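Next up: just one chain, as structure tokens, the form predicted alone.
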Amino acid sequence: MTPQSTDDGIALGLDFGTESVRAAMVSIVDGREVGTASAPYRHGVLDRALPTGEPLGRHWALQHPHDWLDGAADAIRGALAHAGRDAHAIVGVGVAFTACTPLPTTADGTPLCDVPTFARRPHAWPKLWKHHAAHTDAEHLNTVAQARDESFLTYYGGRIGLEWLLPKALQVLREAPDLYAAAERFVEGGDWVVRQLTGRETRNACAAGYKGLWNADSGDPGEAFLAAVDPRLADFAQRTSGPIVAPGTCAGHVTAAAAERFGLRPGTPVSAATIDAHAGVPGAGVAGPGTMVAIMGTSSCQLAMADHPYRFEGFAGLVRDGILPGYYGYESGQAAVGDLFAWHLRECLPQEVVDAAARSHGGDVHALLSERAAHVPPGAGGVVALDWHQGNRSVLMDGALSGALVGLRLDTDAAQIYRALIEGTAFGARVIVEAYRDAGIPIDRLVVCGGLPRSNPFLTQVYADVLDRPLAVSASDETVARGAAIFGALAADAFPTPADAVACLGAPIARTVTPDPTRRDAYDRVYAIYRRLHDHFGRDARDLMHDLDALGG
């Protein structure tokens, strides 16, 4: 498909992740990535203490909002330099942001952490998606919603996730009521960035639908439900105000002040924000039903579209037009994937492995462990991992579940554990894929994106073998930023339809990984053991896992 304009313009996509912001500039003529850059957040993830030194509790995860802006400015200028272009070539800007990452602000958008009287208060800072300290609040919300038989639960697999907007806001209300009273807005990070670019307050339909319990037909949860949770919460919808705007719709134009700060051209159209993983679907070249896209990074999200709604256990969100207009978008996910492997490398490796990696693999411990783990048979030598080190996002929807390694012996080594962790995340993905299949949602093709499948062929092969399906691996390292660029191009009216934009700007497939049929029976046997552990500790002995979690304080 060809765009409406044949000018050699570029669309800019910004991908705000857990540790950094990435920028991709994509030609609207032929879809080439003409410039990319990334910038780390100076403060990273705040999970031990605030920048002012105040300690944080267990399961806390915050960010510094000015890291987002500083990182975006650096990444945009870096991508322009890489492309050898200036800002006048950019036809539109799209913003993809990890979610749910809300920050409390005043009505004019000032973060409460910028207000001197609140700067040393943890609840004044943005809560990152992986902030899990609101578990009690999520359980209370679920108890009330289920007792009232709230209809919105049917759009979320029957449960409110602890990573979402209301649990995080309720935690602020419960633990810091004065700060809650001062928070005139609870704003998704992506919407706040769009406001910094355009000067306009909007709320993106994607995050509102998947993380804020908003529905295109019924709106936000009613005051009666909110008041039943806590009378002080009844007016919460007023604190999320701003017109609901779909990704790909122009939310405003770059202001003169933002142009100077970010190195952009004043007046450039800016799309409404979207969730990072959801942007990865069009970024991977997918524009309709039949394909599940897995965005694999620190966590994983599995996303699919369908022509009509299905209700089943296994999805964490169902939003009409939630990914692309015209379809029902489904989200499922796993809360720890790359983070799980990083934990193993950080906390569990003997010095021998670190030294061996330095000698033979340039210090790349993942490469060494992958090489060793490839020689371990399916089943990791009798070790099975439950991949819940950061809770279960799908299908159990329980953030208080914790991970487990079952079958350890004195001769178990680091490579076996590494393989078990990879297999455990693959088994978790298989639970999700089977739930979609059993519900009747057609999944004819699997596409995987993100740093993990691009950088770790061993992991990708394990996933193909466990799922017993071919995996199409995206050719782009910037699939999410590409998706954001697609929405930026649509905001600029550069294409007549979303499908046209995806056909031109979506990433091609680099390779297809096929399952090894000789491993099918072995993995079916190990998966059956995983499912027994999954159902025992996730359902029958769920209270035991909660008691263990409570021992941590």
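Everything numeric here is computed off the predicted structure, so don't read it as measured data. Position 1 is the first residue in the sequence shown; the rest follow in order.
The protein also exists as the form predicted in complex with a further copy of the same chain; that form is not presented, and the subsequent description refers to it.
S.K.: Taking the shortest heavy atom distance, is residue 216 within 4.5 Å of a further copy of the same chain in the model of the complex?
M.R.: Outside the cut-off, so no.
S.K.: Just to confirm, residue 412 within 4.5 Å of a further copy of the same chain in the model of the complex by heavy atoms?
M.R.: Looking in the model of the complex, residue contacts with a further copy of the same chain include residue 412, since a heavy atom lies within 4.5 Å.
S.K.: Can you tell me whether residue 230 touches a further copy of the same chain? I mean in the model of the complex, with a 4.5 angstroms heavy atom cut-off.
M.R.: Heavy-atom contact with a further copy of the same chain at 4.5 Å: absent for residue 230.
S.K.: Give a yes/no on whether residue 348 approaches a further copy of the same chain to within 4.5 Å in the model of the complex, heavy atoms considered.
M.R.: Heavy-atom contact with a further copy of the same chain at 4.5 Å: present for residue 348.
S.K.: Establish, in the model of the complex, whether 87, 109 and 500 all lie within 4.5 Å of a further copy of the same chain, using non-hydrogen atoms for the distance.
M.R.: Result no, not one residue of the spot touches a further copy of the same chain.
S.K.: Would you point out which of 25 to 33, 509 to 517, 55 to 63, 489 to 497 contains residues with a non-hydrogen atom within 4.5 Å of a further copy of the same chain in the model of the complex?
M.R.: Going through the listed ranges, the match is 55 to 63.
S.K.: Pick from 192, 180, 388, 236: which residue has any heavy atom within 4.5 angstroms of a further copy of the same chain in the model of the complex?
M.R.: Looking at 192, 180, 388, 236 one by one, just 388 meets the 4.5 Å heavy-atom criterion.
S.K.: Please identify the residue among 153, 404, 435, 115 with any heavy atom within 4.5 Å of a further copy of the same chain in the model of the complex.
M.R.: The residue in contact is 404.
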